[in-house]
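Consider the single chain below, provided in structure tokens and representing the form predicted on its own.
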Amino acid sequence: MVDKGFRIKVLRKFVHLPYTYQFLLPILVFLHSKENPAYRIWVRFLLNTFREAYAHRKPVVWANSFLPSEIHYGLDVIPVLPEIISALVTYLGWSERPISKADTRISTDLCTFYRCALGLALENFLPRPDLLLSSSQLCDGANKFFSTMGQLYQCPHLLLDPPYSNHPRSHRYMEEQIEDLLKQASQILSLPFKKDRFSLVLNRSNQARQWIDKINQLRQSIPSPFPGSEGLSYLSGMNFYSVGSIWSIPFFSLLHQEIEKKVSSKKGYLPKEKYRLLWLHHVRPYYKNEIFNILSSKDAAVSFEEANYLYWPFHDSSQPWKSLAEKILSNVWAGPIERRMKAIDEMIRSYSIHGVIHFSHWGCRQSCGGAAIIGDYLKQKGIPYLTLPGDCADPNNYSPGQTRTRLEAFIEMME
């Protein structure tokens, strides 16, 4: 019998070879040949990013998902988002080992996305960073994780710390902070500081935004043309990871074409749609589970997801720091909870929502903290609401029986 340690060593070597991702590309393209063209771009985008990260011909920068992706492409670096990697590892059914490894080094109270990423780092599966960038906005676990990674890799860590308020002074402060962070990053990475490159990236971001807005409008159609399970997978992944890159425009334009076909033919993603649901929070469980199958069996479509709500305005490419500050401070999940509730009201109206599910991911203060307040608010408006506790990355925290009972009781509330 092959020693388990030997298998891990071989897998680690396989993961680190840039040629691995060139080898996998035609295989995965063939396996996903029946998927929509946008999904295939997502696969190519990930493989290309991993290949470049392990080849390390450009600086590799780790960042958390709430840092605007335009920053990476403006700096001309290879971005690595640990949360996305953890989601992929979980989808492949490999998250338990790294989470267990991380639990020997860090509190189990931390989000399992970051615990999974820490375990992968401890076992040397991830591409080595040249710089760590994180934002304190929304996720307080991110800075603890990136601080730990800075110690592990002996790597500089720069923090973007957006203010709580949306006051004009906050915008000026944010602009100065962004410019300072980018100058420091350029110096650390020995890269030229090119403001005009950021203008180019922001123009790309604006084009992607146009397509995202059109996609969101199409998804208001009845019946729901696009499944929420996919909205919380590769669609939100590209929203977090690709905007501003050369990949974003073809991805979003092709997805728009695909959804437009469904709307034109008046086809929903379910054979029959009785209820339209809104999914709150940015994530879902990425291991094998029955949540969306249960909802589908009850003719309940997840018509839209909070993760794909378009909250930021078009960029002014002639003022990149001001535009990036505006994107950060426009985030409806930051600041007073009334901002988020106003956005939820808009989504409920726009997508003709019958009921709302708030997925409360274990260890996520942002998702758990406002769930009860939002629930009370929606119940007062007569909108059925379910807080669904769970975990995105650790299948050991998933209770199939309890989850089914909660979902079925929730559906009964709408009947």
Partner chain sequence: MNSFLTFKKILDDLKRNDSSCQNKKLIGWTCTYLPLEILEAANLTPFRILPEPDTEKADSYLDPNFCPFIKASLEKALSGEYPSLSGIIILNTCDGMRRLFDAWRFYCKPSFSYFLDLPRVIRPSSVAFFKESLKDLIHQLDFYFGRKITEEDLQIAIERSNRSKALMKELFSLQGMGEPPLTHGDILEILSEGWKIDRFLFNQALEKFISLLGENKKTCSEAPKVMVTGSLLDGSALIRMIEELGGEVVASDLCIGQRILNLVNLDTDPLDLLSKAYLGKPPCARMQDTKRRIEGLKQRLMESRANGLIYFSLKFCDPFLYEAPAIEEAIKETGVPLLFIEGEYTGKPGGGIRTRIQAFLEVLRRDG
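Residue numbers count along the first chain shown, from 1. This is a predicted model, so every value here is computed, not measured.
The same protein also has a form predicted in complex with the partner chain, omitted here; what follows describes it.
Among heavy atoms of residue 110, some come within 4.5 Å of the partner chain in the predicted complex. Remark: residue 76 does not count among the residues lining the partner chain in the predicted complex, judged by a heavy atom distance of 4.5 Å or less. Of the heavy atoms in residue 243, none are within 4.5 Å of the partner chain in the predicted complex.
In the predicted complex, the partner chain stays beyond 4.5 Å of every heavy atom belonging to residue 193. When the partner chain is considered in the predicted complex, only one residue from 322, 262, 214, 144 comes within 4.5 Å through any heavy atom, namely 144. Contact annotation: of the candidates 233, 148, 296, 317, the single residue with a non-hydrogen atom within 4.5 angstroms of the partner chain in the predicted complex is 148.
The candidate spot formed by 136, 169 and 363 lies fully in contact with the partner chain in the predicted complex, as each residue has a heavy atom within 4.5 Å of it. Comparing 93 to 101, 305 to 313, 215 to 223, 171 to 179 against the partner chain in the predicted complex, the single stretch with non-hydrogen atoms within 4.5 angstroms of it is 171 to 179. Contacts between stretch 333 to 355 and the partner chain, counted in the predicted complex as any heavy atom lying within 4.5 Å, involve 335, 336, 337, 338, 341, listed in sequence order.
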